[in-house]
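Below, in structure tokens: the form predicted on its own, a single chain.
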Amino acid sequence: MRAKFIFEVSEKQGQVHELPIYYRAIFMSFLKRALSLYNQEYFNRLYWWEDKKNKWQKPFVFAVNLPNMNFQDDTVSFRGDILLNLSTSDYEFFVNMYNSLLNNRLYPYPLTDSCKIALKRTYLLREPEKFDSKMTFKTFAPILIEKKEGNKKVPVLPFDEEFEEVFNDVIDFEIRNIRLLRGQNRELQKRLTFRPINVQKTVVKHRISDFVETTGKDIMFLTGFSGLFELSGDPEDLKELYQNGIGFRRGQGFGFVEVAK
């Protein structure tokens, strides 16, 4: 299930709007706020485990598109409407989140003190009718693949010799967790083969509250990759990745892919 939401900046600020460089985290907060207003019980089930944060992988991915983006130090300026793409394999999540974003009580929603948004239009998007054992994808948001070295997480890129082994380990863990939410205890049905076509390294400035509280730093740097690549594997696994995203931090605006035509 996949949908696109178009938001207009509701305040008159001229043609150029501005957001902090960690705009993905701002939209993550926006989605959580919308969901909690619409269905608090479902929100608690997804994000909390009794009185602790639920860090179980979330069954969705999103990507934000800011047209005519221009990065300047710790801000990004853009012109026009904001596009938010949302995708999931979980029907319950989709219904709750879709309806929550239609909630008129949300708007105008303040992304920042000077940037408020209102929902302009929404579309349900058609998914591919058939998934093959070999497909080409393009990223709408950078993909993060990491491995553990001691207490640190180290990025692994398609140019690294060990990439495919780490990639399969990460995706197998991701797919198991998402399928467990549906009551299915199933791993990757077939090992994945990754073939880069036009892929480049991407470094992103990001911000989450846990990082700020733990390190005292305001911004974290994440290294991933973007571009065009071919993925071979079981068609059902490829559909799962298309619907729920690829890699880490999918619920924070990373790992959204589209089938390349």
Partner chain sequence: MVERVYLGDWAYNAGIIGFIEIMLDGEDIASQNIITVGPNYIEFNRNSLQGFSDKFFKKAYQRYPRTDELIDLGNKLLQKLKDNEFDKNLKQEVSNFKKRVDGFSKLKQLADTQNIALPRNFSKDDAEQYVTQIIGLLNENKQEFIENDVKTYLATISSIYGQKSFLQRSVTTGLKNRFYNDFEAPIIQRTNKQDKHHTCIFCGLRPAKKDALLDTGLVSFLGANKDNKNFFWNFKPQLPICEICELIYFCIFAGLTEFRIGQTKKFYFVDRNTSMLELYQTNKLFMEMMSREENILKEKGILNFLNDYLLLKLREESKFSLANILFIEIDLTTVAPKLYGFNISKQKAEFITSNYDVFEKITGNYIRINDNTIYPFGGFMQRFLNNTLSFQFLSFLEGQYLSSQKPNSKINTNLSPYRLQMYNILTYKYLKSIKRGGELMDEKWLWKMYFFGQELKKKFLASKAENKITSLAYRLISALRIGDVNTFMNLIIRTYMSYNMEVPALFVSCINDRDNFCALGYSFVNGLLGSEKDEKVENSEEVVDNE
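Numbering follows the first chain given and starts at 1. Treat the numbers as computed from the prediction; the structure is a model and nothing was measured.
Below: the form predicted together with the partner chain, not depicted.
- The partner is not drawn, yet in the predicted complex one stretch among 169-177, 136-144, 72-80, 115-123 has residues with heavy atoms inside 4.5 Å of the partner chain: 115-123.
- Among residues of the shown chain, Tyr38 is one whose heavy atoms approach the partner chain to within 4.5 Å in the predicted complex.
- Using a 4.5 angstroms threshold between heavy atoms, Arg182 counts as touching the partner chain in the predicted complex.
- Heavy atoms of Glu92 reach within 4.5 Å of the partner chain in the predicted complex, making it an interface residue.
- Contact check for Asn99: a heavy atom falls within 4.5 Å of the partner chain in the predicted complex.
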